[in-house]
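Okay, so here's just one chain, in structure tokens, the form predicted on its own.
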């Protein structure tokens, strides 16, 4: 019999890759979608179309992480075997501008879905995954960071994620809920939002290559991050919920690169000098900067049999190849519009 999973944040980068993974394993997948004026499902449109034409294995539901009763009703209605809480206001810089919303979505929202899982667990076993973040380590007390490294958050986003993380631990201990947290370090892909620095770089570099853009404005080029591939990381999420007992795991590559080095790789793949196009704009710097994060995923490697399979050079190439095709399409559309305006 097929297992059933509920994914909050299914329309995001991780949610879309996780939905693909679970459907490929035969799951029935339900996804929570926030209602807004535009129906932003581009990352999962292919899954939604294909699953209904072939298997009917993906179902979407409107909902909001701030509405605890509606979340509980949905969980009790679906009766999932697994819940993956990926929904969040996930942009660190934006969290300084929208701290209350970030806390309501990322912290209180996580508590809402945990409480729904607890209620379901009274009548049917359910397994819960919480998307924790390396940003919780903040101004890291030790390097590399492991599951035992103390948190030292430096942003409203990181504080909210730390709250959700500790509540997940609390529900595991207090209610015997099978609840895991994946402390994921930065993970990117062609599906990454274009306001995040890695995708901002690959989109700009390819548009510059095609003559569609002149400059790229960035903040701190010296910040170092442990960058992996999102498609690899969702596999770790699934593995956590297949274990005999619940636990928390750092998911990382074990190598770090600066934003400057990411620029060099991305622009170098296009035979461009990034220095000719990049300018520093103070508005992109955080009020409180996290200078360096580097994860040690030894526990995940030993317990889950998981390790990152995509290095940063391969990751950047995957993103550049994808975004170059987008830029070529933009260029073709621009040329078509220009030709349409020519007198006959």
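Residue numbers count along the first chain shown, from 1. Quick caveat: nothing in here was measured; it's all calculated off a predicted structure.
Keep in mind the form predicted in complex with a small molecule is missing from the figure; the text below concerns it.
Novice: Tell me, out of 153, 219, 190, 268, which residue has a non-hydrogen atom within 4.5 angstroms of the small molecule in the predicted bound form.
Specialist: The residue in contact is 219.
Novice: Heavy atom within 4.5 Å of the small molecule in the predicted bound form: which of 107, 113, 208, 197 fits that? Just give me the one.
Specialist: Partner contact (heavy atom, 4.5 Å) among the options: 197.
Novice: So, a 4.5 angstroms cut-off on heavy atom distances: do all three of 91, 134 and 157 pass it with respect to the small molecule in the predicted bound form?
Specialist: The answer is yes: all three residues contact the partner (heavy atom, 4.5 Å cut-off).
Novice: Using a 4.5 Å heavy atom cut-off, indicate which stretch of 143 to 151, 242 to 250, 76 to 84, 177 to 185 touches the small molecule in the predicted bound form.
Specialist: After filtering at 4.5 Å, what remains is 177 to 185.
Novice: Taking the shortest heavy atom distance, is residue 286 within 4.5 Å of the small molecule in the predicted bound form?
Specialist: Heavy-atom contact with the small molecule at 4.5 Å: present for residue 286.
Novice: Can any non-hydrogen atom of residue 212 be found within 4.5 angstroms of the small molecule in the predicted bound form?
Specialist: Taking the distances in the predicted bound form, the answer for residue 212 is no, it never comes within 4.5 Å of the small molecule.
Novice: Whether residue 225 contacts the small molecule in the predicted bound form should be assessed with a 4.5 Å heavy atom distance threshold; does it?
Specialist: Answer yes; at least one heavy atom of residue 225 falls within 4.5 Å of the small molecule in the predicted bound form.
Novice: Taking any heavy atom pair closer than or equal to 4.5 Å as contact, tell me whether residue 290 reaches the small molecule in the predicted bound form.
Specialist: Yes.
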